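Taking the form predicted on its own, here's one chain by itself in structure tokens.
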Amino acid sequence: MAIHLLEAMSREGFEEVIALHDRRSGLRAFLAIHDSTQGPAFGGLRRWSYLDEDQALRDCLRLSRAMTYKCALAGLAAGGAKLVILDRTELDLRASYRAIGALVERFAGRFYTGPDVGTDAEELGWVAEQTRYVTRPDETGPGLLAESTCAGVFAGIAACLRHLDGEEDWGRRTIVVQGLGAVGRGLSRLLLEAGARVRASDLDGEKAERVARELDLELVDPATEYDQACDVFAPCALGGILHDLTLTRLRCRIVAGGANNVLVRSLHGERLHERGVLYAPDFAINSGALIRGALFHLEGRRESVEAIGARIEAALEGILARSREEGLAPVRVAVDEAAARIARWRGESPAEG
């Protein structure tokens, strides 16, 4: 079903959506700025082989809005945005990223971009050739972005365990980590160091074997990752994984990880709650890299990884406490709280936003 773009923008409170085409590089991309009321909009640059433009635009809009929610819950004077590139074989990568950099520069600080799926140090370097408003991958940038996300997710998992059992008791815990990229690998390391048993999966078999040897962790077949009996299922790959079919396969007590947009729809968070599974809202638990990058750009300082973990832990504890008090799913509490804060920024009532 095609998106009715202006209707979606009005309903979800988007400020601006841009479709970008560059003839020389073959670039096709979307930029969605959800909110810049409080300060600059932050959003990474994702390059992915989307099925079509409609799927790319939907992903861009969802990720952009989630970034605003992250900023709101983290207490940052900033809002959310997202850039997505439709990856194609004919794409001239360097020229495409330079074109993106020129676009970002035209916003003159209203929008900052950084790493995401498909965009790492080399690509960010190309963007930085054209703009100041990018998270640079060298010593002049904020650094420790993946580490910050890992610290937040680890602290969030600890908060969830205490919420259910009153203690972490890592030695008795089994965690299944889905995806062994920078965040999944780093989270696995923290969990192992704490004494937990870690099982992990990744669609890239060679990478999975390499990380398993490096960390001495147990691998599971990606086809069976949802079916593993465990305390925590930690999604750390792409989003959109929990839907009507997969959530019925889960044999965990907690879902808490570093991936964005884990739920296909918010109602799946409600269904997890009904099934007795504690879902830590992704935009509450995985905002470590955003906090590190935003504070660097906004205040010129590098917040410690430990302080970022503590900040996310405290925010999630508040969400879980209200969830228990009001009998609501944590995702509903988090969405309501973020929406209320955003409405206050805009001088609206939450119902208007």
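In this text, all values refer to a predicted model and were calculated from it rather than measured experimentally. A residue's number is simply how far along the shown sequence it sits, counting from 1.
Quick note: we don't show the form predicted in complex with a small molecule, though the next part is all about it.
The single contact residue among 92, 227, 204, 165, judged by any heavy atom lying within 4.5 Å of the small molecule in the predicted bound form, is 204. Exactly one listed residue, out of 260, 188, 113, 96, brings a non-hydrogen atom to within 4.5 Å of the small molecule in the predicted bound form: 260.
Note that among 245 to 253, 139 to 147, 97 to 105, 168 to 176, the stretch whose heavy atoms approach the small molecule to within 4.5 Å in the predicted bound form is 139 to 147. For residue 278, no non-hydrogen atom is located within 4.5 Å of the small molecule in the predicted bound form, even though that partner is not displayed. Within this chain, residue 289 lines the site of the small molecule in the predicted bound form, having a heavy atom no more than 4.5 Å away. In the predicted bound form, none of the heavy atoms of residue 160 sits within 4.5 Å of a heavy atom of the small molecule. None of the heavy atoms of residue 86 is located within 4.5 Å of the small molecule in the predicted bound form.
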